[in-house]
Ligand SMILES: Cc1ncc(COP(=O)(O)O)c(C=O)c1O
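Only one chain is included here, represented as structure tokens and corresponding to the form predicted on its own.
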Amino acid sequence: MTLDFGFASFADKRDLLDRSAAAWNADKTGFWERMGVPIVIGERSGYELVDVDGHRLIDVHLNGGTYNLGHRNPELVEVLKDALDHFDMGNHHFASPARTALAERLVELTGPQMRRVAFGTSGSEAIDLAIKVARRATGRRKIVSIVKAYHGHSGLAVATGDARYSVPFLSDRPDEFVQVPFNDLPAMEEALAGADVAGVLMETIPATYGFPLPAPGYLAAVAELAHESGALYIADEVQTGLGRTGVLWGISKTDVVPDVLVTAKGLGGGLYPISAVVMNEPTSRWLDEDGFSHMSTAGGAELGSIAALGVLEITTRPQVQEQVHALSIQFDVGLSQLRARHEGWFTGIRQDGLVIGLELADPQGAMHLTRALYAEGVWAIFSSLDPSVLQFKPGLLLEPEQVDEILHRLDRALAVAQAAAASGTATVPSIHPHGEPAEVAA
């Protein structure tokens, strides 16, 4: 069946995948085929994706929270359509009504300690800027982050994350970027003992590591240690922010007052790429001294700023916050029942609101579950840095009936995944830091 999109046509899905591998990314395209999850998204709306071959999927991956409010959210689509009648990207050099309004709103929603906002187009770009401003504010170079962290793939951001992403590009810099184990306060204290750290960069809940939850009081203790040593606390809220934990920013559920907060992904509603770095007074002084020392041509684009204002308006509605709370309870109850049904295989639940990790007994269990869920019509993804954990990221606007359906399909998929893992014959592609992925028996 010919696939004609107007701007491009393909003989069939096989032709599209082959051309994708040839012109775009051979390894990534091939990996998902080897996984048995050869998704090519065609139609999409709400929390439903339709593969170009007609296979329908409920999306509980949401591209890391990009689609918190659903794909092509009708309200946001109208906001962007209306904006296109008057605006374009704008010019990053000049004051802009949309960019100014968004900056004011982010400062208002982030806390009284915050002063100014600088914009980017992605989480990686925003993390890079957060590191730069921490260095400028403190006069120090060293950044401390967490082992198995993920803060993006650009130059400075990738150096704070797992070696799988930094080493291949010669971006591991142990003299400038120090990593300590998550929830290990003595290790953090040791890393900060030299009083030479510019900033401590923390995901409120590490996403690509499978959402391990911070121990009670851990983040507040880290912030206290950082401030005592003269370092800044940088809260990476790219995946835990924008309502996923039941409040706008996950960090606000702790006693931490960050110096810098980073948001991205869902900020543009999946319609326009935009990210933001929200800074307190000391950290933002560079914007008084030399505002031209950092620039991003598309950062804070006027169309993106208008879309983001719409995202914030929807996300902060009391009824949406109430819905997230109700959905969180529904998933908590339903997942606990499934865990009891699949005892010994489905071994644990990591949950804070709609940030959820499902722990499985097999080291590659979540890869088997990803495949089984795809067959059942659900798209969720294993944690790259711990493939025994499935990242489970339900949408903020799901209906209770949709939750029941997701849980029903998950029940069947858990049984299929367990049987596949136990058979010893099913294979999943291994993920290696270097070289070609190889097929390995589960």
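As the structure is a prediction and not an experimental result, all values here were calculated from the model. Counting begins at 1, following the sequence as shown.
Missing here is the form predicted in complex with the named molecule; even so, the following discussion is about that form.
Heavy atoms within 4.5 Å of the named molecule in the predicted bound form are found in one stretch of 119-127, 350-358, 102-110, 85-93, which is 119-127. The partner is absent here; in the predicted bound form, the one residue of R371, R140, K265, H71 having a heavy atom within 4.5 Å of the named molecule is K265.
Only one of A366, V238, V278, I146 lies close to the named molecule in the predicted bound form, with a heavy atom inside 4.5 Å, and it is V238.
For G152, a non-hydrogen atom is located within 4.5 Å of the named molecule in the predicted bound form, even though that partner is not displayed. The named molecule in the predicted bound form is approached by E203, whose closest heavy atom lies within 4.5 angstroms of it.
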